[in-house]
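One chain comes next, on its own, written out as structure tokens in the form predicted alone.
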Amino acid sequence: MGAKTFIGQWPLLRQVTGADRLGRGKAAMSSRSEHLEPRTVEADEVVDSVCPFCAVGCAQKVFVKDGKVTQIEGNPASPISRGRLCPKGSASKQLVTSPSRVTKVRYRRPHGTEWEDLDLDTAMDMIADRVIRTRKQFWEWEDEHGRRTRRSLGIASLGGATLDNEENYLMKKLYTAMGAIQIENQARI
């Protein structure tokens, strides 16, 4: 290939000298990119979903092939996000496909140095027992001036930005029912 022919293949030169002045079509394509197909073409199924990272509720399209998530993109039909996702939403595929994703209940005993796997029923029972014991131990019917408080200062909650509005609402109701008054969310900090 001669030097003149090689220089003529440069995308910038094709853009300036050709009909594609904005560089959105042929001028921006290489011989390799002309034959590429989107990862979504081979999907068996497209499932509508919502991004789990904040309370905005950006709509997503989840592309599935052979029962596995292959791509997650914004849904252009959404009046909220109009097909756009923030960097966290764009990376949400990693929530289900990352090899480092924790899929077991991991527990380290007090003063322990090693993690152990627990079955879900055992872990849930341990949590329930500790919540009941803590609530009972730190329960206050009234303060030092005799004013009714009906609260537990031994339970607090710090929510995260991955919870949506409905989940935060239910968490607030749960912790309030348990008597907790220290209820905050990381999104406000």
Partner chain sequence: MAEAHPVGFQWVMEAKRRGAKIIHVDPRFTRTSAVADLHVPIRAGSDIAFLGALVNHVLSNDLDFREYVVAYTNAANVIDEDFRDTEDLDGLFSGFDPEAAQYDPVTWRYQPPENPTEDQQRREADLESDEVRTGGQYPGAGHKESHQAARSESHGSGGAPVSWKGRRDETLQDPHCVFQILKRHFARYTPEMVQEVCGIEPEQFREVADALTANSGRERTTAFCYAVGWTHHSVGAQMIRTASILQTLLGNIGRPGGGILALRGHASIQGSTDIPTLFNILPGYLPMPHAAQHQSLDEWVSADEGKAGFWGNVRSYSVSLLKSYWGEAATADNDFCFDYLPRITGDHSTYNTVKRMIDGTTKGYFLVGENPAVGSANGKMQRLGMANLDWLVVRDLQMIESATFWQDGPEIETGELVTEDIGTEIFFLPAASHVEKAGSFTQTQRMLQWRDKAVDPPGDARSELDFYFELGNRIREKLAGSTDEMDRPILDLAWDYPVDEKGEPDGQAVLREINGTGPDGRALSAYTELKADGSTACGCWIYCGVYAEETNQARRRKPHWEQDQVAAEWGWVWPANRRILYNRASAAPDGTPWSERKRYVWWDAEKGRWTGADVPDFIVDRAPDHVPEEGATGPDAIGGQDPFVMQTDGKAWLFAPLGLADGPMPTHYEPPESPVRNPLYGRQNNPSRRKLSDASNPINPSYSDVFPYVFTTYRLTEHHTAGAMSRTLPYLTELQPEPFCEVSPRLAAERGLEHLGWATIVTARTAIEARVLVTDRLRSLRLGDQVVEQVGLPYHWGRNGITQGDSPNDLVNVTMDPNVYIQDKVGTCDIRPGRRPRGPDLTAYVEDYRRRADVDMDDPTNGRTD
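Numbering follows the first chain given and starts at 1. For clarity, every value in this text was computed on a predicted model and none was experimentally measured.
What comes next is about the form predicted in complex with its partner chain, which does not appear here.
> At the 4.5 Å heavy atom threshold, is residue 22 in contact with its partner chain in the predicted complex?
So residue 22 does not count as contacting its partner chain.
> Could you confirm whether residue 44 comes within 4.5 Å of its partner chain in the predicted complex, counting heavy atoms only?
Residue 44: no contact with its partner chain in the predicted complex.
> Please determine whether residue 36 contacts its partner chain in the predicted complex, using a 4.5 Å cut-off between heavy atoms.
Output for residue 36 is no: heavy atoms all beyond 4.5 Å of its partner chain.
> Look up in the predicted complex whether residue 28 has a non-hydrogen atom within 4.5 angstroms of its partner chain, and give yes or no.
No, residue 28 stays farther than 4.5 Å from its partner chain in the predicted complex.
> Note that its partner chain is not shown here; using its position in the predicted complex, name the residues of 112 to 134 with a heavy atom within 4.5 Å of it, in sequence order.
112, 113, 114, 115, 118, 120, 121, 123, 124, 125, 126, 127, 128, 129, 130, 131, 132, 133, 134 sit within 4.5 Å of the partner.
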